[in-house]
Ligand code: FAD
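Only one chain is shown below, in structure tokens, and it's the form predicted alone.
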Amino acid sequence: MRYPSLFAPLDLGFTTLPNRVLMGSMHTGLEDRARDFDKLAAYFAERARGGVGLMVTGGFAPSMAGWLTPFASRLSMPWQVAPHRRITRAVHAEGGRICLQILHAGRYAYHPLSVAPSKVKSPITPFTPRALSARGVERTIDDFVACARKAQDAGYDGVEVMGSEGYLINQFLAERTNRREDEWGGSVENRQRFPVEIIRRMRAAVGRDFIIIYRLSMLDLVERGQAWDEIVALAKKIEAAGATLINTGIGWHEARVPTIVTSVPRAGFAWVTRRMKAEVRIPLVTTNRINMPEVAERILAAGDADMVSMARPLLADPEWVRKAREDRVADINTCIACNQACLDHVFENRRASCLVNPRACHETELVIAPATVKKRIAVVGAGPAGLACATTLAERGHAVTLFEQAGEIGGQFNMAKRIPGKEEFHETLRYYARRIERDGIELRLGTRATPEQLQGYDEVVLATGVTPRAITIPGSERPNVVSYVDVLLHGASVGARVAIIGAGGIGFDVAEFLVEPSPSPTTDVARWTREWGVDMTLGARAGLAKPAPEAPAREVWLLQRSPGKPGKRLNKTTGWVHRATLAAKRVTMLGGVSYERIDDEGLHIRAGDEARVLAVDTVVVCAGQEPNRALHAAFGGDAARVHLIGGADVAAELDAKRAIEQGTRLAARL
């Protein structure tokens, strides 16, 4: 077996897990209403069928006060037990095991009933929590225990107690948020009493043969967080109190250090779990940015952890475990950690999905069934939309020809994969190339499709993408004015001082490409932790050190016409990382800019009432794009047979999530 450590059984004493893969907790939005539990059951059943050793649900609050948002997921009343049996029965029917995560939001709650150890407002919610009384603390412990008992009654194999990421339990542990002076605050021992009592009483209530996972914050990454010796002491107490497994938690939601975005190196925090291995005897789970079997195997073979936790990779590919076991790694649809359809959706109170797998959390609605009538279908354009459509059509049994005028597949992804921190896009293109080969798609590279070539096909799908929008100011025709395509795809020469016109997602990508050294720190854990200020010696409290960003490769100005701070429209969970990265590289970001001319002096702009000259060597234009519909016009509106998808349909902003979903959904119904 290629991955012997990954597929070694794990004996927990009263039960044995078949492999070392834990599907980590991730809220999908389906947890919030019992009417969606059939969809949630199908979601988990598909991953159990794919061979996951143990799964953990999204977080369920043990009380109303613990809700993340009003009427969100909760398991605290007797009548809430029965709907959960639909989930556990579906998982067990596929031979899987599943735990329910118990999560009390504490001061992270987005509602006025929130409670916390102390009356300390969170920076990420508008509500100030009420400080729990001593009796309130006891009631909250009882709520956790009662929730575990209800989970047991519902057929779950265990629970995970969420003690990290800055939620209620973590708030009790840190001086930052626990300012109590009673038996639940003050000393380290008093602050640790809350989680220890939860685990001790929970074990007594559920008996010996029930999994209890404790999610331990091993690295708070916030000021006045826990010191390493405190975390070690807590781990030992949690072990003694009766936990079955300890899962690694990294960072609070308010931390200034990114922990899960694509620019975090693969397995970027496994070293923390490795440090804990010497301190406790029960199995440890490591987590964060583990997305391929070789990464997981390396961690486990080195003895850095006993299990690996993956959430988003199993959104991307529910058969990840089976494919790894069968040595079909090329067939894995790799998570690129973009967060665009999973976490961004959740934070917008939308159902989660996955950019590279739009079926995730939509298994009962987006069904890829064999075609009843097999057709000859032409797909023009092998960018994200065309690739998703062509491969789904072929999966259904249609005869597909894929035309691409470039010499390789990928379209816009061939630019994205060159951005520091977006190297994972290589994996998506590898996956699609494998599907093209496996499913017998006729691929015609270097071919500009014509209407004549497309005659005779039953259906024609036009995924012809976009063309960059040019600017029309005096001097825009000069040779030192180039488009983002010239820079990212064609290797255009760029000087030491650069102005970027346009601060949308592409503008930010180009800026990062131009200021980051090569190779990027995003592929090197030691360099990356230095850049962001993470203390790998764990000598500093909460693991925080002074950031030490490497010098930028160029001096860059990032400009936008619209007023306000550039980057406000970037995705919620990743935008702040891009803004912080460029700030650390001393990129000047200006909004409300008008462009007057480009000449030998540089780029002449006006910002407010001030006229300025940016003495730059190169101007890179990222001023948007237009749909490429030239081929569509030649068909004269034959809407019944000719379909527009991706950027050719809508090009307001390049959106791979929309493109892949649109291509997949079209293919599912043709």
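Note that residue numbering begins at 1 and tracks the sequence as displayed. Being a predicted model, the structure only gives us computed values, none of them experimental.
The following text describes the form predicted in complex with ligand FAD, which does not appear among the structures shown.
Taking Gly166, Pro129, Gly383, Pro195 one by one, only a single residue has any non-hydrogen atom within 4.5 Å of ligand FAD in the predicted bound form, and it is Gly383. The contact with ligand FAD in the predicted bound form, taken as any heavy atom within 4.5 Å, belongs to Ala463 out of Leu103, Val159, Val308, Ala463. Remark: of stretches 246-254, 530-538, 408-416, 222-230, the one touching ligand FAD in the predicted bound form is 408-416 (heavy atom within 4.5 Å). Mapping the unseen interface onto this chain, Asn628 counts among the residues with a heavy atom inside 4.5 Å of ligand FAD in the predicted bound form. By the criterion of a heavy atom within 4.5 Å, Lys150 is excluded from the residues contacting ligand FAD in the predicted bound form. Proximity of Ser493 to ligand FAD in the predicted bound form: non-hydrogen atoms within 4.5 Å are absent; the residue sits far from the partner.
Remark: Gln340 counts among the residues lining ligand FAD in the predicted bound form, judged by a heavy atom distance of 4.5 Å or less. When contacts are defined as a non-hydrogen atom within 4.5 Å, none of Arg203, Lys236 and Phe269 contacts ligand FAD in the predicted bound form. Applying a 4.5 Å heavy atom cutoff to ligand FAD in the predicted bound form picks out Met415, Ala416, Ile419, Lys422, Phe425, Thr447, Arg448, Ala449 from 415-450, in order along the sequence.
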